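A lone chain, given as structure tokens: the form predicted on its own.
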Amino acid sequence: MISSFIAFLPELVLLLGAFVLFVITLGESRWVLARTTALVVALAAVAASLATLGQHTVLFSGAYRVDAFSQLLKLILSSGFVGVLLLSGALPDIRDRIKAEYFLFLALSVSGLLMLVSCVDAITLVIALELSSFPLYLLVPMRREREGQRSQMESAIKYIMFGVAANGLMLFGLSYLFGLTGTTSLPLMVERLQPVISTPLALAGLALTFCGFYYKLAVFPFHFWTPDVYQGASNETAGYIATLPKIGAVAVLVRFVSLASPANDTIALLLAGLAIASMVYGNLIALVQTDFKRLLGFSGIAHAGYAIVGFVALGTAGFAASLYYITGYMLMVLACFVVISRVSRDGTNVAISELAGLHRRSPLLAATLLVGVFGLAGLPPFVGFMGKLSILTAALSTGHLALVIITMINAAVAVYYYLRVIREAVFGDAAAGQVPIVLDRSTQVLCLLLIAAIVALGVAPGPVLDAISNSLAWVTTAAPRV
């Protein structure tokens, strides 16, 4: 009983924190207390995740697995939650009377993501996925309305509609798999699928089931919500949507795809097609963007494609590379959104041209932007370079030469629009009347931590990749391969 309690400790910390935040929201103008409480809860979740890294148990009648893989992902998600809260600052584009609720919804969404990485049953998986998604549907329209602009409402409607459609397709696919196997347990489901895995019904069920995770990851063709939601949501909300949910989606895809054998050409071909479509579409549309958040939205579609490239290998090296890449992506995009949030005037969106002269207005923000954008472009010595190298090596080792070449071409195309951002920030002249940007202590700490993490993961990726690979042993041996 005590061991089960300890194994579930990170989730309990966040759920208890969400309850405390709910009590805080019952009062008026308590958002400062709510942010402080959320930050304490996030740090406690990090500590709880560290304390439970060695736990291995099965809870809730086999529906929930705590292992090295899930606990490592919970540590990454909890750390990302701390970064998002440091990014949030004063939330200038959220009305004061609902700022406390903002932190409540953030905590609920992160608790859903922590549960998501441990779910090994279709029912608990759907519940955790919805718990992580529903608060986001409320966070997007919380942005303050402006004169003649209600883009946040349009973004929220698109986000909800695409989310409902993707979840519907996922449930439809799960119903096929349940009908074929008679169980909701994912390991048992995969074991019983072995005799019929090549049938159209089984392939359709698997393809439809993946739809909910492709939507979270913004993989083509479930990407259409991405740029509009990034642009319509507040800067801080977009920063969260662009980072942590993608890690949860990749983690669940690993649990599914790791059960397929490397010889399963059908799944590899499906993943390769999705990766190519995402990379090509995202990079080409990003070339013409002038709004920085929309550019990050379209580039996020391309980066989802890069992450899927690692899955094509259908092996531990590819899965580890994808998880390493998406973790680095979280750090790099957070760095960009720190800059957006602090350059923005009263929470408005930031055009690329507004970054002109940033090196004079705030050298620390300029350095953070350079590290984040160079990392996204895949330049050494940052984590983006080692991430791309890892996924390309994994794909090439299994004979996917054409996919590797297409990925390299797309990475080269992406360098162009990332360099546009750097050109404005470093060589552009600041507009008349622009004043230096004064950063608070939490922003300074966040910038330094992000710069250090992006460089450290790029220079010394071995410990992180080894930790991820070792944790994957608990996933790949959990059930027979198809």
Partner chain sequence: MTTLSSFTTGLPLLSVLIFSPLVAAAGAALIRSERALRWWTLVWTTAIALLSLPLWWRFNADTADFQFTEHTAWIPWLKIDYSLGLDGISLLLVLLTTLITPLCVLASWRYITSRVKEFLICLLVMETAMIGVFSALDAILFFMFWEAMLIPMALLIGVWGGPRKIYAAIKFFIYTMAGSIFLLVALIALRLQTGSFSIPGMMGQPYGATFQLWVFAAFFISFAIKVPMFPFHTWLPAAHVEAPTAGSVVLASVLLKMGTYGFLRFCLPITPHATHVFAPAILALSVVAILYGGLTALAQSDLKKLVAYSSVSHMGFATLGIFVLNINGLEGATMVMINHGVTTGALFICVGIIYERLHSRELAAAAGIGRFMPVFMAFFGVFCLSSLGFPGTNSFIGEFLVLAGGFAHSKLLVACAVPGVVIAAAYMFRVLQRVAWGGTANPAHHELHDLEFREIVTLLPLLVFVFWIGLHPQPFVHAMHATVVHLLGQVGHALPAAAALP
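Residue numbers count along the first chain shown, from 1. These numbers were taken from a predicted model, which means no experiment stands behind them.
Omitted here: the form predicted together with the partner chain. The next part is about that form.
(message) Under a 4.5 angstroms heavy atom criterion, identify the one residue in Q194, S175, T393, T348 near the partner chain in the model of the complex.
(response) Spelling it out, the residue with a heavy atom inside the cut-off is T393.
(message) Looking at A367, L180, V82, L379 here, can you tell me which has any non-hydrogen atom within 4.5 angstroms of the partner chain in the model of the complex?
(response) When the partner chain is considered in the model of the complex, the option within 4.5 Å is L379.
(request) Pick the stretch from 122-130, 384-392, 247-255, 210-218 whose residues have a heavy atom within 4.5 Å of the partner chain in the model of the complex. (result) Answer to the contact question: 384-392.
(message) I'd like to know if H56 sits close to the partner chain in the model of the complex, meaning any non-hydrogen atom pair within 4.5 angstroms.
(response) Outside the cut-off, so no.
(message) Please tell me whether any heavy atom belonging to F105 falls inside 4.5 Å of a heavy atom of the partner chain, as the geometry stands in the model of the complex.
(response) Residue-level check for F105: no, no contact with the partner chain.
(request) Report whether the minimum heavy atom distance between V40 and the partner chain in the model of the complex is within 4.5 Å. (result) The answer is no: V40 has no heavy atom within 4.5 Å of the partner chain.
(message) Can you work out whether A18 and the partner chain are in contact in the model of the complex, taking contact to mean some heavy atom pair no more than 4.5 Å apart?
(response) It does not: once the partner chain is placed as it appears in the model of the complex, A18 has no heavy atom within 4.5 Å of it.
(message) When the partner chain is placed as it is in the model of the complex, are A321, M408 and P461 each within 4.5 Å of it, taking any non-hydrogen atom of the residue?
(response) The answer is yes; A321, M408 and P461 each reach the partner chain.
(request) May I ask you to list the residues of 406-428 that have any heavy atom within 4.5 angstroms of the partner chain in the model of the complex, in sequence order? (result) The stretch touches the partner through M408, I409, A412, V415, Y416, L419, R423, V426, F427.
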